[in-house]
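Next comes just one chain, in structure tokens: the form predicted on its own.
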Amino acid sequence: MAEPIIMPKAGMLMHTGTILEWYAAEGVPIRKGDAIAHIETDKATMNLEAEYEGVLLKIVHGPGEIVPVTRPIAWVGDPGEPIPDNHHAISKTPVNLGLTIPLKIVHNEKSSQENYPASRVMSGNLTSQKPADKTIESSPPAEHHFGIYRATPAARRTAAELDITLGEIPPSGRYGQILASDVLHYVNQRHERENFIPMMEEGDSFLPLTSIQKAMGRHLTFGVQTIPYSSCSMDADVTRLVEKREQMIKIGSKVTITSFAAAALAFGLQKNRRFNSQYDRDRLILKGAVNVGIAVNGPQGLVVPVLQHADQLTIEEISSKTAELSKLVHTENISPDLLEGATITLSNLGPYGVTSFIPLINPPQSAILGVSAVREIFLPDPDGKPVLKKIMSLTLSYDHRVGGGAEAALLLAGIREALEQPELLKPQE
């Protein structure tokens, strides 16, 4: 029996994936574990590995297609083995952002409207409604009764495929029913509002955003709109840290400033765990593990792989794991499980020469540390004589619902302490 290759669900919030490239071709044998396709999720790109051995009988979706999770994108089996007759119906989603509504849906709904019994509506003590105006702004949403919205089967199926709540959609069917055309019209109007076309002038061009960039944009917009955030900054004297790093490099340890900053962040959270938490209405969820997300600028956009249990790692271990994660990001081969579970994030723009910046919180986290470039400044010693020091600016953006400025300053002071006294960090065992 032919087996389907499905679009994997890589994370709870993933609804669709994009096929970037097929490594295998129809009629070619594949083995279990072979990388057969390259796909893009809203967080990263990844190779899709075969779960079955056999011949690739049919590729249902080609490069560039967006496919809902858990839907077949290809079929594997013995040579010449038939695949299900309805493989297209199973795998294809009626996503329509705009332009035409499938005539089959309209025809089926018209028939169902003609046969829709008024008694079903009246039995619920609901009065019949006139067809609603198709303008979202002026039309009321579908009427709710006993937890059920009145909608045709095609409308429910289309709304489920597009992840749309029926209660948001103005109905136009008989007795206030929502039609599939209502769902598509609603999506079209929302798409136009969210993706308005600006005025184009001669010489202008479009630069399409990747799925990762679009997802990050939505995520950070949500954070800015819902989190009452503030920030505070401190300078750290990292002269001794730079000297220690140079000594470690001489003996073969490829440690980075980012590694020291991640270790210092974990050190600070050991003393003040309040910002290693998630805000949950009238309480905080204090996270048991200190998992530091490291912001990496990859080919597809900003990606944040995670250092699990960073407070239990040495500088060398953090450096090694960070380098490995960064390599996976830049080769576009990082798995989604390496992007999950961060309790706080670190963003280092020092390599780009940035001397100060305010990073945006990555919800549901409650804080993010921004690390800037190391710069040289003359400062007075105890005798008042100028001494050249290496200074790094630190900025902590934090959720003011979780803690105030004083608590944020205490965390920042703990981070600065570890950077100024690197011997406090976990030593190599």
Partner chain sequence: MREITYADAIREAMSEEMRRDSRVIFIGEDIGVYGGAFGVSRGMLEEFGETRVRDTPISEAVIVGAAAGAAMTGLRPIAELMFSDFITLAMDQLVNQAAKNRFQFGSQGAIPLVIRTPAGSGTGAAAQHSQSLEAWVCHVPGLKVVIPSTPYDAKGLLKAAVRDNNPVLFFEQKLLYRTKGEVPEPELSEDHIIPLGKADIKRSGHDLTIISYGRMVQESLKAAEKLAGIGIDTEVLDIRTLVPMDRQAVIASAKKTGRVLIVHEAVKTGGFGGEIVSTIADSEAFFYLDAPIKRLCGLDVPIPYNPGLEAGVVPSSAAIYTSALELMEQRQLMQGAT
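These numbers come from a predicted model, not from an experiment. Numbering follows the first chain given and starts at 1. We call the rigid core the largest set of C-alpha positions that still match within 1.5 Å between the two forms.
Beyond the structure shown, there is the form predicted together with its partner chain, which is absent from this document and is the topic of what follows.
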Contact assignment for its partner chain in the predicted bound form, among 358, 285, 289, 209, heavy atom within 4.5 Å: 285
Position in contact with its partner chain when the complex is considered in the predicted bound form, options 177, 347, 319, 343, heavy atoms within 4.5 Å: 177
Look at the stretches 302-310, 273-281, 234-242, 201-209 and give the one with heavy atoms within 4.5 Å of its partner chain in the predicted bound form. 273-281
Even though the partner isn't displayed, in the predicted bound form is residue 42 close enough to its partner chain, meaning a heavy atom within 4.5 Å? yes
Even though the partner isn't displayed, in the predicted bound form is residue 154 close enough to its partner chain, meaning a heavy atom within 4.5 Å? yes
Does at least one non-hydrogen atom of residue 364 fall within 4.5 angstroms of its partner chain in the predicted bound form? yes
Though only this chain appears here, would residue 219 touch its partner chain in the predicted bound form if you measure heavy atom gaps against 4.5 Å? yes
Does residue 358 count as moved between the shown form and the other one, where moved means a C-alpha shift of 2 angstroms or more after fitting the rigid core? no
Flag for residue 154, CA shift 2 Å or larger between the shown form and the other one after aligning core: yes
Shift of residue 301 between the shown form and the other one at or above 2 Å (CA, core fit): no
Where do residue 158 and residue 42 end up in the predicted bound form, Cα atoms closer or farther than shown, with a change of 3 Å or more? farther
Work out the direction of the Cα-Cα change for residue 217 and residue 169 in the predicted bound form: closer or farther than in this form? It's 3 angstroms or more. closer
